[in-house]
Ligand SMILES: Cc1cc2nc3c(=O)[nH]c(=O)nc-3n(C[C@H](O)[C@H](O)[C@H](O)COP(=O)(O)OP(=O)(O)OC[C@H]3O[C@@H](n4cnc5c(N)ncnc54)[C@H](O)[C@@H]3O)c2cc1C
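Shown next as structure tokens: one chain only, the form predicted on its own.
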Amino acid sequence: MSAFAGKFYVPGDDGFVEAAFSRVFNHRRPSDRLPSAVLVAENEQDVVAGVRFATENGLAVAIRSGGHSWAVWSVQNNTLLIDLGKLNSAQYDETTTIVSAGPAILGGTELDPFLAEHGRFFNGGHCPTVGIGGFLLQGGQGWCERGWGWAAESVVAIDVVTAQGELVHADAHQNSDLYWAARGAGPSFPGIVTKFHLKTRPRFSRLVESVQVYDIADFAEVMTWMYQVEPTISPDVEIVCVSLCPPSIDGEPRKRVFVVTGVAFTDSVEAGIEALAPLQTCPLIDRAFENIVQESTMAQQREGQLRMNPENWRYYADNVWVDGATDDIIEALTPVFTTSPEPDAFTIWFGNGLMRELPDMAFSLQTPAYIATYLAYEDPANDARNRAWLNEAMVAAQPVTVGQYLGDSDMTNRQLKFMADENFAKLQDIIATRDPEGRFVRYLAHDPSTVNKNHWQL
């Protein structure tokens, strides 16, 4: 199409299907969904032209920033898919310490090294190949979120293409409704963000990690202690407990273990060791297979994340925000942490620290702990088994489940609450005003009429 600087595809064109699934991380891909056309945008002007093309041709618009949506939200029927992959540049302002970055820039492998050159840090996603677009729109559960806040809280402004095909700037003072919505609306945001303007923080000079490995049979006792100690630990420490199967040694069968990790972002190794010291108080510490405290780097942390999230594999993911009595939580979570059918699957408990009031933004649901399971595997024959196991494990967790985080959700399978009721109502009003004709796709859900409700409470 001469109207676009980038490449445009329709069914029948060479490369159409490849373009439709380009950069989709999950290789368990939908077989019943395909867009009507794909535009690989070259620049912001292409995005504007794409929205206007969709309007003229009666198509909704779906967006791909980084391609890490587990449910592959970007691939939907009767849509123009606008791929933002080339909008991945970054500029840093030494005076304001604000970085302006395109939605497709990868938070770990691209944005973080760029900011490191300026002595700055932004707490992007843990998986290094996650683009910042979808990550930030969903709230942004990034590094050390328990102490430094949700990544979306660092968004100071956005550049947005509206449903009318206009490029506008939005912040707390102008187009403030779009600014409010962009921090948590997720895939129903009524526009296309072409650039995020982000606050950065001074970069830590040292990173120290604590790693303790326990038998999975010790899950309940270790987790009980963790609920006691986690709120007392420095906000500059990220705490994650993981159920996983380490690689086989000498051909021995792989055995699931429970790993307690702490990562301290500090200015000295000594300060990091001191910040991690409470993790040495576990009453089962003498039973740990490993107990290591050592200096690390962001590069090493990224390498570990890439090993846990291999590309070109199939994935099922689900998650819950949990709250309640500690004993009830542990009982409800035991199946998802201890019975996974896939050796490469892992489940995390993400300590969220002491609860604090969130800024006024769309993102509005959190609890002291976040649990997510990532079933990573290669054999398509395991699809049905894995889906069934994960659903059953999530049913067991329902008694302590408050809701879910959009970033690890799949509403085509299971719908949960992800936003406070008043925030969700406000978002619907903004969508109705900004996109009354439904130019942009809404949440990809099994039942759109019950979005933002826990399915077992209907």
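Please read all numbers here as calculations on a predicted model, not as lab measurements. Note that residue numbering follows the sequence shown and begins at 1.
Missing here is the form predicted together with the ligand; even so, the following discussion is about that form.
Proximity to the ligand in the predicted complex, taken as heavy atoms within 4.5 Å, picks out 57-65 from the listed stretches 424-432, 411-419, 32-40, 57-65. Residue in contact with the ligand in the predicted complex (any heavy atom within 4.5 Å), chosen from 340, 212, 154, 141: 141. The partner is absent here, but in the predicted complex a heavy atom of 309, alone among 367, 291, 296, 309, sits within 4.5 Å of the ligand. Among residues of the shown chain, residue 206 is not one whose heavy atoms approach the ligand to within 4.5 Å in the predicted complex.
Contact annotation: residue 263 falls outside 4.5 Å of the ligand in the predicted complex, judged by heavy atom distances. The shortest heavy atom separation between residue 74 and the ligand in the predicted complex is within 4.5 Å.
Interface membership of residue 84, defined by any non-hydrogen atom within 4.5 Å of the ligand in the predicted complex, is confirmed.
Residues 396, 403 and 456 are none of them found to lie within 4.5 Å of the ligand in the predicted complex, as judged by heavy atom distances. Heavy atoms closer than or equal to 4.5 Å to the ligand in the predicted complex belong, across 86-123, to one residue only: 103.
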